[in-house]
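The chain below stands alone and is given in structure tokens; this is the form predicted alone.
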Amino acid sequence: MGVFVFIVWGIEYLDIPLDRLFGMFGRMGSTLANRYYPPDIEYIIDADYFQYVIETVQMAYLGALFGLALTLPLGWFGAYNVTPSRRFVYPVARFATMGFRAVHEMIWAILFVSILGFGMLAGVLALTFFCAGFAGKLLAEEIEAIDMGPVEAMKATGANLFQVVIWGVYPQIRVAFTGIGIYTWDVAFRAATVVGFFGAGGMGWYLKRNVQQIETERVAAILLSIVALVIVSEIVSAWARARVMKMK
């Protein structure tokens, strides 16, 4: 009852016109039929556009790869149970992870484009920071949930910090880290189509250009190509996740 009252109060406070909201779907269908149909499929099967598709895939791959490389120290140093220093290293690693995650990938793209200029490098760096933010948090939480018995046993036998991490921590998080890596690539691929809209290259740049020129049928074709690529990415990710589950 309290939730219902809050929703009603929110609608009244925000002055949401419910009649226009319910009639939105009809207007949306009419707009899509009149302006975006039929999609200009010939436009997206051009060799020029295919190069931008490849650039988007490369941007997502490199962003996820560099992001995961950055995630390894962030996750290690940001895990309270295995960090080298709970007083100094732990808060710095956690703050860096939080900072990367707090800024949206579009803001990172705008920032790097303004510093480095238009192109794929700005997009790769934006995706790197974006991926490191949430993957670093996930990895740190996985490490904090491990069984500390093997770690304490190795420390008691005189193993150094790297030996403890390699032989005591990594075997316990191997499957989880693989899953995080797959999820990171999946998210990076979706984000790569967006950061290009802000000058980072790839399919997003094509989309921005046609939106600005009000080429609605070409925009529809580009959106369909993005949906198709995301579906392919989802299928590949599901297959990879199934393989990871068999590793357990």
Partner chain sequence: MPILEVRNLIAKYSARGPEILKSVSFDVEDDDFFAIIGPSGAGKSTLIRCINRLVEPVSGEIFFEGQDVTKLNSRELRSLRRDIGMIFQEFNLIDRMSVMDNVLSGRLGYTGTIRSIFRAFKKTDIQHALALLDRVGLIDHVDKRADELSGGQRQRVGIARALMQDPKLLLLDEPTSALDPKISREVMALILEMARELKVPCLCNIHDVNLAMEFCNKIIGLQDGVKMFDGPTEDMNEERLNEIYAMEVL
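Numbering follows the first chain given and starts at 1. Remember, it's a predicted structure, so these values are computed and weren't measured experimentally.
Heads up, the form predicted together with its partner chain isn't pictured, but that's what we're talking about next.
Worksheet item: Which one of Leu125, Met154, Ala79, Ala96 is close to its partner chain in the model of the complex, taking close to mean a heavy atom within 4.5 Å?
Response: None of the others qualify; the residue that does is Met154.
Worksheet entry | Distance check, Pro150 to its partner chain in the model of the complex, heavy atom within 4.5 Å | Although its partner chain is absent here, Pro150 would touch it in the model of the complex, with heavy atoms inside 4.5 Å.
Practice prompt. Could you confirm whether Gln172 comes within 4.5 Å of its partner chain in the model of the complex, counting heavy atoms only?
Written response: Yes.
Worksheet item: Counting only non-hydrogen atoms and a 4.5 angstroms cut-off, does Val92 reach its partner chain in the model of the complex?
Response: Outside the cut-off, so no.
Practice prompt. Answer with yes or no whether Ala145 is in contact with its partner chain in the model of the complex, where contact means some heavy atom within 4.5 Å.
Written response: No, no contact at 4.5 Å.
Discussion item. To test your reading of this chain, name the stretch in 137-145, 163-171, 82-90, 67-75 whose heavy atoms come within 4.5 Å of its partner chain in the model of the complex.
Written reply: Only one stretch passes the 4.5 Å heavy-atom test: 163-171.
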